[in-house]
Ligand SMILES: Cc1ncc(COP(=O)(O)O)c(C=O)c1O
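Below sits a lone chain in structure tokens, taken as the form predicted alone.
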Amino acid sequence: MQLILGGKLEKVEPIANHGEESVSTSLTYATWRKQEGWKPLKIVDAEGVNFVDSSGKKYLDLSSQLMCSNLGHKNMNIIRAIKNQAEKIAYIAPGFNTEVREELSSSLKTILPSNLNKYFFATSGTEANEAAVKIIRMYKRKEGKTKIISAYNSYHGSTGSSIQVTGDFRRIEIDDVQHSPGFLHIPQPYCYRCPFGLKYPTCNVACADYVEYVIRNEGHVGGIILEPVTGTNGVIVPPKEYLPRVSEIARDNDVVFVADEVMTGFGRTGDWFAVNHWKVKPDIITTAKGISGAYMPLSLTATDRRISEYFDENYFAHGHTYEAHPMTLAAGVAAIEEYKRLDIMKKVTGMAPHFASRLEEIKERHNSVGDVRHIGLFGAVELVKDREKKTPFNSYEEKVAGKPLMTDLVAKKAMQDGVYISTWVTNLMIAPPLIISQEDLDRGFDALDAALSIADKEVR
């Protein structure tokens, strides 16, 4: 077996039969699935836009793993920063200050919307959103405004409050054991499947007006949390009027507006944060994943001055042992430096038209593709078995039941051809590392193009 640091990936000798049960798979849980039958590939190396399994087979990473490896694998500048921090201060309690905490805070100040001035560091997007919900409720409790609005078909995390603001079936699955009051859900700006049965632009973005209707009729609403571009549930890019209108509604009704940029932050859409495309300044931004390029678990909850000044005189009842962990912060500092050094925003913006055209070609070529959506290097392919009726191949209920999904069959074929594509129920997620070349991007799209023939055969 040969593993490389800093060199090119080469074939490695098998160390186990991939796809078979091992000690780790028998003793650890697989997430968001039934446990029986889980036999994952064993990965032994990764570099750039590729990773290698234990048989020596190399795969192109067309989804940045879980849409988080924005800077690819084995970036030596980030690795060195983590090593240097480990040799200096590996851990110190969050009640102390550190040089790296100051460095990351200063770096973030240069890229975040200018109204955000105070930061809470944790280790996951779930924790970032959990913090946001708690901050809203602490900030608004004297007014009695503790209800939180979020969207159906959204995902914000898996813990107490973050799963409640989640709007997809994962919340429903735990409602009987973890349901909490005070969480409301609204339709998304999902033009392909408009819940109001309208068409853009003649709809006048009724989904945004509905937000105000809920706030005024529900009462006691303290906050609204939205993904600027829906991530896991299909890269739903809103009409250009949507986020500015929702932000205005939140401001007019004294409701805290949270932008969940866990997946869309740090260059994924062609800007540091997706809200910048619509010139929106939320009261809170939550982000993770790309903040460290996934080299260390790090997340951020950033608040505006009104909120931060409130806690100058009021108790901030939140915290973690690994809050502001020095090694995670070091990865964040180095990652931001790499985004700037590699001019990632310009690269993504430059490649976005080609990315979009390839997705649109996929839609034209395959009758199993109902819709494609894209912004920057963030895209989704939604599969249907009946284009006219927009009938999906599979349902959320079938996902929970562990039945074979068409998206998984397509992704399996792509994997056989050496390309990894993440899936979620009816959508194939196309979100490559932001360092990808056009040649590698085309290779990934070619594999997807070929794999979709499986779905085409099953279209009515």
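Because the structure is a prediction, the values reported are computed rather than measured. All residue numbers refer to positions in the sequence shown, first residue = 1.
Although it is not shown, the form predicted in complex with the ligand is what the next lines describe.
Participant: From the candidate stretches 191-199, 151-159, 333-341, 91-99, select the single one in contact with the ligand in the predicted complex, where contact means a heavy atom within 4.5 Å.
Facilitator: Only one stretch qualifies here: 151-159.
Participant: Does N129 make contact with the ligand in the predicted complex, using a 4.5 Å heavy atom cut-off?
Facilitator: Answer yes; at least one heavy atom of N129 falls within 4.5 Å of the ligand in the predicted complex.
Participant: Using 4.5 Å between non-hydrogen atoms, is V275 touching the ligand in the predicted complex?
Facilitator: Contact check for V275: no, nothing within 4.5 Å of the ligand in the predicted complex.
Participant: How about S124 - does it come within 4.5 Å of the ligand in the predicted complex, if we only consider non-hydrogen atoms?
Facilitator: The answer is yes: S124 has a heavy atom within 4.5 Å of the ligand.
Participant: Whether V262 contacts the ligand in the predicted complex should be assessed with a 4.5 Å heavy atom distance threshold; does it?
Facilitator: V262: contacts the ligand in the predicted complex.
Participant: Does anything in 283-303 come within 4.5 Å of the ligand in the predicted complex by heavy atoms, and if so which residues, in order?
Facilitator: Sequence-ordered list has one entry, K289.
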